[in-house]
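Presented as C-alpha cells, the chain that follows is alone, the form predicted on its own.
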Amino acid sequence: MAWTSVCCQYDGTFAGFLTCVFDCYANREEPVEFRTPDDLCCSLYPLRTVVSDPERAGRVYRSLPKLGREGRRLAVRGFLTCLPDKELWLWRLLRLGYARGPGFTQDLTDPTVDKVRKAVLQLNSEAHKYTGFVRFSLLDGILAGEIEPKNQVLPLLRPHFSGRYPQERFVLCDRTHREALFHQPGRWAIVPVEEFHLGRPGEEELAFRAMWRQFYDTIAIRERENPRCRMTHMPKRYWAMMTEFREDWDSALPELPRRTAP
C-alpha cells in the first residue's frame, strides 16, 4: 500500500514534530512539507493539522536509541539547527535509521546523513563560540545577556553557564528565536519571550563596561593588528552583542585614565 503525500502543520516544537512522526507512521502518510502556524504559504498537498501529544511524542522519543548513540544525537540536535526544511531532513533521517539500524550514521555518502551531520557540526561550532563571546551585564543584582545566533544554541549553552555560575541568577536571551534561558541556584528554564530589553545600567555596571573596554584596548598590539585573522577567530556577526564593540554605549561610559608611556 502506497503512502499518501501530506503537508503537516504543527506548533513548531520538538514534541510537535515527534507527534507528526508518530501520526505519519500510524496513517502511512509521507510528509512532503512541514508548516507552522506562522507560515503564510499555502500547500498543494492535503493539509494534516497535528496537535502536539506528549504521549505519542514520548513513544517516538523512546524509540530513538534504535538509531544508535550518534543517530539519536543527530536527530535531537538536528532540530536545533537552522537547516532549511530541517523537519523533512530529520524525517528522512529517522526513516533511514529505523530501516538500517545504528550503523547508518557511518554512511557519509548518504545525502541525508551528510546534510544533517553538517548542520549539527555548525550548531556545535556556534554554541562553542558563544561560550566565550557571551557578555553579561549586572542589572539590579541579576546577570543579563543577549545573543543573536543562527541556531537554537540555548540548550547547549545551558550546561556551560549553569556549571560556571551555579550560585548566580542570570538570564540569557536569544533574540533570533525569541526565547530566554532563566537560571537561579538549583533551577533553570528555557521559555519563549515576545520581547526582551536590558534595563538601564547603573553606575557600577557602567564602570565595569568602561574597565573592560580599557583592558581590551590596552592589551592590543597596534603594530600587529590583523583584521582578517581577528574576524576568522571572532566573526563580525557576533560583535553587535559584545561589550568591547558596542559603539552605542560609548557616550554612557565614564572616562578612565589612559595608560601613558613610561
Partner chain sequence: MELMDKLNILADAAKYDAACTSSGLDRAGRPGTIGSTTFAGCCHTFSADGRCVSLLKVLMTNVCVYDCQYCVNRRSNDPPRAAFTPRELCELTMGFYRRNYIEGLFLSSAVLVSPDYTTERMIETLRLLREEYRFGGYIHAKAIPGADPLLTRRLGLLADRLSVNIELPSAKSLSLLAPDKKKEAILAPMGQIRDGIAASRQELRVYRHAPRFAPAGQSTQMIVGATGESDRQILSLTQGLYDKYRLKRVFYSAYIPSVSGPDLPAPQGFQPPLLREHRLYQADWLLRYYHFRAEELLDEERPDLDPRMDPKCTWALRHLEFFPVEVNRADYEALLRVPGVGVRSARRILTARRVGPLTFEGLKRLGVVLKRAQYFLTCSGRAPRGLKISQDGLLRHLIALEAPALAQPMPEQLSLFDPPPAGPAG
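Keep in mind it's a predicted model, so treat the numbers as computed, not measured. Numbering follows the first chain given and starts at 1.
Omitted here: the form predicted in complex with its partner chain. The next part is about that form.
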Pick from 95, 158, 128, 175: which has a non-hydrogen atom within 4.5 Å of its partner chain in the predicted bound form? 128
Considering its partner chain in the predicted bound form, which of 227, 46, 37, 199 comes within 4.5 Å of it through any heavy atom? 227
Determine which one of 46-54, 28-36, 59-67, 209-217 lies within 4.5 Å of its partner chain in the predicted bound form, judging by heavy atom distances; exactly one does. 209-217
Determine whether any heavy atom of residue 143 comes within 4.5 Å of a heavy atom of its partner chain in the predicted bound form, and answer yes or no. yes
Any of the heavy atoms of residue 168 lying within 4.5 Å of its partner chain in the predicted bound form? yes
4.5 Å heavy atom contact, residue 164 to its partner chain in the predicted bound form: yes
Is there a non-hydrogen atom of residue 84 within 4.5 angstroms of a non-hydrogen atom of its partner chain in the predicted bound form? no
Establish, in the predicted bound form, whether 121, 136 and 205 all lie within 4.5 Å of its partner chain, using non-hydrogen atoms for the distance. yes
